[in-house]
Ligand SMILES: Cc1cc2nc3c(=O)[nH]c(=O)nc-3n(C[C@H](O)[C@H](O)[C@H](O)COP(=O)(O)OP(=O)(O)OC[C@H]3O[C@@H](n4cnc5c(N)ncnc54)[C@H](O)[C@@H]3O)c2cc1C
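Shown here is one chain on its own, the form predicted alone, set out as structure tokens.
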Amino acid sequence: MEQTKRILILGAGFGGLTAANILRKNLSNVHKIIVIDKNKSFMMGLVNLWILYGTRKLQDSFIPLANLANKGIEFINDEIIEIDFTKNSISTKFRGKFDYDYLIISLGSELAPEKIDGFIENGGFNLYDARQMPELRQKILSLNKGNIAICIADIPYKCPPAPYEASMLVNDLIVKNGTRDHINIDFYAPSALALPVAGPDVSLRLVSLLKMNNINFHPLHKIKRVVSNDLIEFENGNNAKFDLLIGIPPHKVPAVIRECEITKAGDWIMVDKFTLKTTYDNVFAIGDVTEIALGGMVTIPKAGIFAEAQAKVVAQEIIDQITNTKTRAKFDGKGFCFMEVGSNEAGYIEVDLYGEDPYTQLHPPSRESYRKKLDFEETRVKNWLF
């Protein structure tokens, strides 16, 4: 008789949902697959910009995670407060302790706008908070003249091209609103390159794309504080005036990870770059909660496509162990993303970060890539939750 195994998946994002579905499809119902997340619903991060642009409504963007039950996957809506690797258990705020045979940590990263001195107090908008997008959209459309400042606060942050995508969508919004001639858009990045992980060539092409849309790019401008509701101070000593401030806030490791022994001094979880194994038996970590160094200061980007690819590897490893097979799946460091520019067009970025000759390619905007982006969200949501 097959021995029951309990697989706990912490977090219901790209990685967690991918892993849960693959495991359920490939393991008998004797085995328990449990997903735990403090959120009741799932919304893909890229939808934020659709809400901002006006092609999606906030209230139509959330899909209940309870739908997982229809697929034979147990979902627990609770907050994880402790992980005990010595006892193979986790504890939640309301439901108590759960034991595991296998553990997949896919908790992502948390946003920390409070780390930017004066940002919240002086009306800064968090681009990665979907609930702020309807108000931000109205602010943009009501602005008749002035300066829009878009600031990346720190590195790493989720989905590296997204802030640039947002700047071009904001540009398209105000062009169509008839106010573009009276509004400046300034983009401030803390790094010398627009996309450090993509290298200088792709970064230069991206900056050229910004210039084509009359968006001013300012490298090496790390925000120090928001002095008032119209003034930013940068660490290089420069100041900038604004009428509307859009920020990508610092990211931090989830509290439950900072407080357990899997990481040092609250850093991201280190894993094997191919298998996503941690230093603990049968414990894996995937997606934004991890850090995989590529050399120098560059790491695997925090992006859903990488979490999804890593989840496939981890799920296969667990299946292999339970079914006593050997496929030796490995994460290959490949990924892609779309970068919308407005008017139903999107650029396309593809990367191979583990190859003998690593590369990043930026394909010019097209309607075909835009259609592929729409299909990207629709297909995954359908596969994961319906």
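In this text, residue numbers run from 1 along the sequence as written. Only a predicted model underlies this, so the values are computations on that prediction, with no experimental measurement involved.
Heads up, the form predicted in complex with the ligand isn't pictured, but that's what we're talking about next.
Using a 4.5 Å cut-off to the ligand in the model of the complex, not one of 153, 244 and 249 places a heavy atom inside that distance. Heavy atoms within 4.5 Å of the ligand in the model of the complex are found in exactly one of 224-232, 106-114, 173-181, 292-300, that being 106-114. Contact annotation: of the candidates 79, 101, 186, 272, the single residue with a non-hydrogen atom within 4.5 angstroms of the ligand in the model of the complex is 79.
Only one of the listed residues (307, 276, 315, 168) places a non-hydrogen atom within 4.5 angstroms of the ligand in the model of the complex, and that residue is 307. Using a 4.5 Å cutoff between non-hydrogen atoms, residue 158 counts as a contact of the ligand in the model of the complex. At the 4.5 Å threshold, heavy atoms of residue 349 stay clear of the ligand in the model of the complex, well away from it. Using a 4.5 angstroms limit between non-hydrogen atoms, residue 333 is distant from the ligand in the model of the complex. Contact between residue 27 and the ligand in the model of the complex is not found at the 4.5 Å heavy atom cutoff.
Residues of 185-220 placing a heavy atom within 4.5 Å of the ligand in the model of the complex: none.
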